[in-house]
Structures are given as C-alpha cells and as structure tokens.
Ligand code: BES
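Shown here is one chain on its own, the form predicted on its own, set out as structure tokens.
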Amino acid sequence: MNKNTGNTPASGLNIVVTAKPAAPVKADLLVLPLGTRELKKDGGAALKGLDLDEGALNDFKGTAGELAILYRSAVGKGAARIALVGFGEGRSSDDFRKAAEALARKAVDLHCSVVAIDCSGIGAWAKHAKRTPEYLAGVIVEGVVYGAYRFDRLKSGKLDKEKKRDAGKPKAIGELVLAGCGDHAGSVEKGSNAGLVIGTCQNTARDLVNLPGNHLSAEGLAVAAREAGKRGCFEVTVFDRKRITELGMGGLLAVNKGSEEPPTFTVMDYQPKGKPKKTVALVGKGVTFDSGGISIKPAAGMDEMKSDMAGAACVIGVVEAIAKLALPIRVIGLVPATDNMPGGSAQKPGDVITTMSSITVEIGNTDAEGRLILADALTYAKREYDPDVVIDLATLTGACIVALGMKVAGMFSNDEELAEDIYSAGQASGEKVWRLPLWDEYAEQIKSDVADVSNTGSKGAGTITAAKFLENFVEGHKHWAHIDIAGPAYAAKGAGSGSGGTGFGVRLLVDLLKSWS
C-alpha cells in the first residue's frame, strides 16, 4: 500500500493506492465504476459479490456521470454505502472525468471522509480508451479533486439552518483509496500524484476567480503568485507602478487610471534542472474587476466581471503545476493586473495612448481594456525573454461567446504546428478550443485615423479583431497563440453542475506542456 500526500497542502486530500481488493477497505463510501460494456458483462456479479440485489441495475444505465447510491448491512470493515458510477463507453478521458466529478460531488454532499474506488478494471479501461493506467489514474484523481471543490471561505454560517444538524460531520473528502490496482499499482500511484497536483492547481485558479473585487486587487493577485512560487519553488518578481512606468507600459497604466488600486506586473519564472527542452511564456489577463470604465457595462451580469482575471489565475495555476511536476520546460508566467473603473481620472473614448512597444492606440471603447494590458505584457515577453513559444489567455470578448458558446475557447495562432498541438491538448484534456482565422482582411477593421491602431473594430468579428490587435504586439514572433476563454472560464448560476470559476486552461496548458516534455 502506498500513501501520497504530495506537496499540495491546499488540497487536504490523502491518496492511498493499493493492490488489494476494494471490498474489504474501511470506507464511508465504496465506489464501483461501471461503463456500459462492464455493466452488461460484470455488473450482476459485482453486486452479488457485495451481497446486493442485482435488481438495482434495472434503472442504472452506466452513462458517463450517472450515479446510484445503494445500501447494505456493514460486513466486517467494508462500507455500508455503495456508489455505482457510470463512465459510459469509456473511450475518452472525459467519460472518466465526468464519473469522478459526479462521485466527488455526491461524496461531499453525503459527508464521506474516506472514499474507496474499485480500480480492478483500470488495465482494461486504459486499453479500451487507448490510454495508460497512469494517465487514467491521473484523470480520476484530478476529477475527484475538481468535483469535491467548494468555495465557502466567505460564508459565516450564521444563517445556515443545517449547520447544527451537520455539526461534526466531514466537510470534505479526507482520503481517497484507489484499490484493487494489482500489478498496475506503481503506475496508478504515479498518475495519482500528477492528478492531485493538476486538480489542486486548477482549484487554486478557481478560488482566485471566485474572489470578489473587494477581496482581490492587483496587489492581491501578485500575493497569490508569490504564494504559488513558495509552494512550487520558483522565482516571482512583482513590478509596482513606478517600475511599470519606467518600462513604459502605457496600456496597463491607461486602464489603471480610473482606479484607486495600484497596478502590478508579475513575472513568475520556473526553471527546470538542466537544459530546458523549450522556453514558454504564458501571459494571463488580470483585470480583477471590469466595470467597462467610462464605456460602462450594463448592470445585469456585471457582478460576474470579478472573473475578468481568469487568464491570470490560469497562468498562476499552470506555472505552479509545471513546477511541481518538474517538467523539463522553462515556463515564464506574466500577469499584468489592474481593475477597470470609471473614476474621474479614467481614460476616455477618443484618447490616444502609447504602449511599451511605442505603438500608439486610439481608445474607441474603454471596455476593450484587456487587450491594452496584454499588449504590454506580450511586448515584454518578446523583448526580455524571446521565448520559443508565447501563449496568452484572456476572458477577452463577448463576441467569442456568441461564436462558440460557453464551453469552448477561441484559439488563434500564427503557427500551424502550435495551433494543432493546442487543439490536440484540448481534445485530450477536455478543455476544448476551436481555431478562428487571423486573416489580414480583419486588420482593416482596427485601423485608426489618428493613431497606429484602434482598440476596437468596426461591426462584426469582434473576437477576431481583438486577436488581430494583439498580433501587433508580439513583435514578429513566429510561434504565438491567443486563447479567448470568455465563455468557459466562468459558469453562471444555474449552469448545470456548479457555478463560478472553472479553472479553464490549467488542464489544457499542462497537457500541452507535458506533450512537449
């Protein structure tokens, strides 16, 4: 039996991997994963072996994420509560991730402290999914960590009528047992280590996105990056307003003009032991609250604009994950941060600003602010590091939601191979992207009569013209990609399994960087 607590204290989850069977494990919940194939072949025998009525399978179809709770008289140390969890056809990582997330949500609701999963079939599952047991174990643990997430740090509990009833009951899963792994125990342990890291870092990003504007300023984002640096043992440097001014970051300073909070520019630098296989710069938009500025947004839904720093949160999570996974790639995370407020000193439509690149920008709309701070960060990345690859992530445009909806990110790149790698990572990680064009015709829409370029385009193709704007600031870099995560970064209330920050982009980029390792 192997225990792993990892170096991720924020998760609070202990992982136990054992080759021994799952049935005798002392647990609050014993989980039987059953796909549609397994259900027909082995479902009846599995239930019979646990002294359960096979009739329980009459209404259970085994679809991905389907869940049924059964009860039996406790026998020895075995669990009295059994969960049947479906993983569908089991052909994709998403099938297993959905199952793990559904299981974790239910386990937390039932106040289960110890959860044991029967992983005796992991070899067959992996073969059918054309993956390794190590990979699937990572997906399962990552899904459990993700599904068990709750954002309740701002709740006092004063109005919670169920507080007394649930007093003393576990609020989170404390231990996850992956049992019955047999000869695959070693690879399952390795995969579970990675899954715990990725899931925990994704939840760190979710925490940041869920914090409201009065609890997370630009300086707060910098503090979060420093804390990630301590956990992941990488260098973090934070530039204040004075240094930002010295660098000539006119885009970041312009957006910050209406704010009472100072801006920050944070540089995270993870350097692996030995010569890195690649150097990758990741840039994340860090607008901690976006009112729209003078071009103020409609009131409806403005509360969700606390999520406009989801790109920055993703970058912080990714750099920490890569450092903890010790990938042989140098990763530089860059976070330009401010809020966007309509103060008396705020920038105005019609203003012309000068960015770090010396490119002048006419402000057509102050609500097109994210591209201004990204412009300076992209220029800084190219000039200071000249990395092999530059990728930026941002909740940049509502137009991307119109084009692709809430589940898929828009992706742009000037490099065919890079675009294909990101697309493949999206398919593997479940964080899907769809490539949109960067054709020169779209540059016509952001021409300005009084400056080098306008920060807004003419009617239509808003997500594309935003990407064309950013392209001006990579200074000829041949391996750049922009990912617009406006849709999938934040789930509105009533949006299915949960609302709030999703941590979108962490799995995507970790999968991408692992593929280059």
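We number the residues from 1 along the sequence you see. These figures come from a predicted structure and were not determined experimentally.
Beyond what is shown, the protein has a form predicted in complex with this ligand; the following relates to that form.
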Residue (of T338, T266, Q202, T395) lying close to this ligand in the predicted bound form, criterion heavy atoms within 4.5 Å: T395
Of T237, S358, N365, S424, the only residue with a heavy atom within 4.5 Å of this ligand in the predicted bound form is N365
With the partner absent here, would D290, R371 and A486 each sit within 4.5 Å of this ligand in the predicted bound form, counting heavy atoms only? yes
Given a 4.5 Å cut-off on heavy atoms, tell me which of 97-105, 144-152, 186-194, 399-407 is the interface stretch with this ligand in the predicted bound form. 399-407
S454: touches this ligand in the predicted bound form, heavy atom cutoff 4.5 angstroms: no
Within 4.5 Å, heavy atoms only: does K257 come near this ligand in the predicted bound form? no
Answer yes if any heavy atom of M305 is within 4.5 Å of a heavy atom of this ligand in the predicted bound form; otherwise answer no. yes
Is K297 one of the residues lying within 4.5 Å of this ligand in the predicted bound form, judged by heavy atom distances? yes
